[in-house]
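Listed next as structure tokens is one chain, alone, in the form predicted on its own.
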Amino acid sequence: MTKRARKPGPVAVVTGAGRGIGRGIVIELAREGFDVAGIDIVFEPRNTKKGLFEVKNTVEALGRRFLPLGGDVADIGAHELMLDAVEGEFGRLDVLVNNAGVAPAKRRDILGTTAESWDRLMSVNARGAFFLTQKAARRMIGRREAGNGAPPCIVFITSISAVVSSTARAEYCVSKAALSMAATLFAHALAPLGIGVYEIRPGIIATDMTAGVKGKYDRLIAHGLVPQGRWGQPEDVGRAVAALAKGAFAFSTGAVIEVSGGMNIRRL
């Protein structure tokens, strides 16, 4: 049974919200009292078993509001329309989570990386997030100048691939490294304006994106690749995002938080 909605809460926008890490982030934000707008390239109102409308039902069962929005973050001409829809529905924008991302359609050795795959990954993973952040930040600055509400924040979901080489998907690593620098640049620019910007680097997370290499990573984890000895789950990332969104690290703008079970530990 759906619980009756609580009073309006702070509002978060999550890209790539229909599945995987994005879904986990939305659910954890809702548990912490956020209303959420979820953007995803797949928009199927009749499908309540998976995707944005399954997420909508789950969020509403937690007593929060959810606005499903169909859209491609790579389409930078649609960004203002997306943000207009969020502010039209909720009247505010407090948190942006840049989560949407794609992997190569086919893994190739670096010597076989194609320009088409490179352009696709850079367009979604880096370019789209950069310009959506630019537009959202302008709106957040306006709200800050008007003295309206708590300090907003922006979170970039990158990957350990931003700093760990994987030559079978070079374009993915480069796109995540670019996104990592984007997080640093926005943190630097927005710090004096009272907007916190953070980077979260997930490790090996159990999602549709990693399902095709599950056997490989099962073996690697069993042999010690992840010190904590397990796959990460979308809610692991979601809880980290929720802590940042609630202001738990308000004096740590620019911080990089790795959610990888200890893969960041340098070991002999």
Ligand SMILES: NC(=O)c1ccc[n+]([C@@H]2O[C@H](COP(=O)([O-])OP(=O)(O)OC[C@H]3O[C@@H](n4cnc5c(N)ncnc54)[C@H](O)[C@@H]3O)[C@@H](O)[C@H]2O)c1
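In case it trips you up, residue 1 is the first one in the sequence shown, and so on. What you are looking at is a predicted structure, and each value in this text was computed from that prediction instead of being measured.
Keep in mind that the form predicted in complex with the ligand is missing from the display, and what follows is about it.
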> Within 4.5 Å of the ligand in the predicted complex, do Gly20, Tyr172 and Thr207 each have at least one heavy atom?
Replying inline: yes
>> Only one of Glu199, Asp40, Asp236, Glu28 gets a heavy atom within 4.5 Å of the ligand in the predicted complex. Which one?
In response: Asp40
>> Just to confirm, with a 4.5 Å cut-off on non-hydrogen atoms, which of Ala168, Ile141, Val102, Ala78 contacts the ligand in the predicted complex?
In response: Val102
>> Under a 4.5 Å heavy atom criterion, is Asp72 part of the interface with the ligand in the predicted complex?
In response: yes
> Would Ile157 show up as a contact with the ligand in the predicted complex if we use heavy atoms at 4.5 Å?
Replying inline: yes
> Wondering, does Val124 line up within 4.5 Å of the ligand in the predicted complex on heavy atoms?
Replying inline: yes
> Even though the ligand is not shown here, does Gly203 get within 4.5 Å of it in the predicted complex, heavy atoms only?
Replying inline: yes
> Just one stretch in 84-92, 186-194, 143-151, 158-166 has heavy atoms within 4.5 Å of the ligand in the predicted complex, so which one is it?
Replying inline: 158-166
